[in-house]
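Below sits a lone chain in structure tokens, taken as the form predicted alone.
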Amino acid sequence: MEGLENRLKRAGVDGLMLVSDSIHDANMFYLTNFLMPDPFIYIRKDNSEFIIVSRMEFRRAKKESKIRDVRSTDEYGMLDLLKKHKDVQKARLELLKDVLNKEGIKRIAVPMNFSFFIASELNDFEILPVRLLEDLREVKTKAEIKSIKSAQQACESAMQVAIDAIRKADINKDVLNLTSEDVKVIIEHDLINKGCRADDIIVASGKQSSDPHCSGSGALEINTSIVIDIFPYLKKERYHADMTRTVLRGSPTKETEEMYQTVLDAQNIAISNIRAGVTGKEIHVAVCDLFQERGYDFIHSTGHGVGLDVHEGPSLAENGDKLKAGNVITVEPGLYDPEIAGVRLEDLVLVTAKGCKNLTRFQKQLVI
């Protein structure tokens, strides 16, 4: 994988700049490994990089960030700028212009999600939105893979307690004495105990499960699919996992059994074909072909990259590029019939030179 410095040279820029917080901006955290809820500045020029943080965060940034050159806004006269402008935004913009001029940076690469407001105010500079960091982040280091594995272990623990609760729940006519909301709380508590959190969780039964992203609500139904999709992240390291299982209490219909087997077969075909050099499109087409042969329609992609974002590159889809060793991707075929229910199975795999390693150990069993 080509390094960031060479990518910047090829882009013909003087440097790279990010102005963002690192709680919501995965690129900023990727570069700094420093969690900060307020926007701060990252600048890279040639082989050097530095961050500029508020005086309040300066000491913590020195201790926690992987960036060695940590500077305070005080070094650039932030207090005087605040007195001059009586406006935080204007003061920050003047500080930013001063920094760029002092560093001799005129043509600046910024991420695709860079603030339009800031870019529009930097009239004397050439701002070039580029996709650099997202591509770099697709190939994981050993440390990143270790974090993803930890998140996946927590994900599987939460899945187990969810399924145990569904298995043990009493039946009241055609529903369980257990709601989607109950199971989500059970999952959330287990994730918290494992140092994780999830911004959303899917526990959808019956016809609700036929909508791929319906989070689910109300009492869980028997004799029909219950789709459980958990995608947590480590609160400290920020890396995600992602897994889906479809389970059922009671007796499945023939249609549900056939859908489940087809999804399982599709997932196995996809996993068996994954290796470095194969395109995401080829994997996706193989899954679509199987579904089409059996009379089904596939309405979403086969998978996506997982890392600091739960959805990132590469993609197993119609536009999927070549996979590289070190990619961590989901394999999640699914079928959805509004008149019956939905079925989805999702594993997390690590792409290798000759195949892939399944990071998911959790069993696949429809009837529980």
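Sequential numbering from 1, following the sequence displayed. Computed from a prediction, not measured in an experiment: that's the story for all the values here.
Just so you know, the form predicted in complex with a further copy of the same chain exists too; it's not on screen, but the next bit is about it.
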Completion exercise
Answer key: of 146, 97, 168, 189, within 4.5 Å of a further copy of the same chain in the predicted bound form (heavy atoms) is 189
Practice task
Could you work out which of 101, 177, 89, 223 is the residue within 4.5 angstroms of a further copy of the same chain in the predicted bound form, going by heavy atoms?
Solution key: 89
Exercise for the section: Determine whether any heavy atom of residue 120 comes within 4.5 Å of a heavy atom of a further copy of the same chain in the predicted bound form, and answer yes or no. Expected result: yes
Handout entry: Any non-hydrogen atom of residue 238 within 4.5 angstroms of a further copy of the same chain in the predicted bound form
Key = yes
Practice task
Flag residue 309 as yes or no: does it have a non-hydrogen atom within 4.5 angstroms of any non-hydrogen atom of a further copy of the same chain in the predicted bound form?
Solution key: yes
Problem - Touches a further copy of the same chain in the predicted bound form: residue 319 (any heavy atom, 4.5 Å) - result: yes
Exercise for the section: Sort through 272-280, 153-161, 241-249, 81-89 and report the only stretch with a non-hydrogen atom within 4.5 Å of a further copy of the same chain in the predicted bound form. Expected result: 81-89
Practice task
At a 4.5 angstroms cut-off on non-hydrogen atoms, which residues of 174-198 are near a further copy of the same chain in the predicted bound form? List them in order.
Solution key: 185, 188, 189, 192, 193, 197, 198
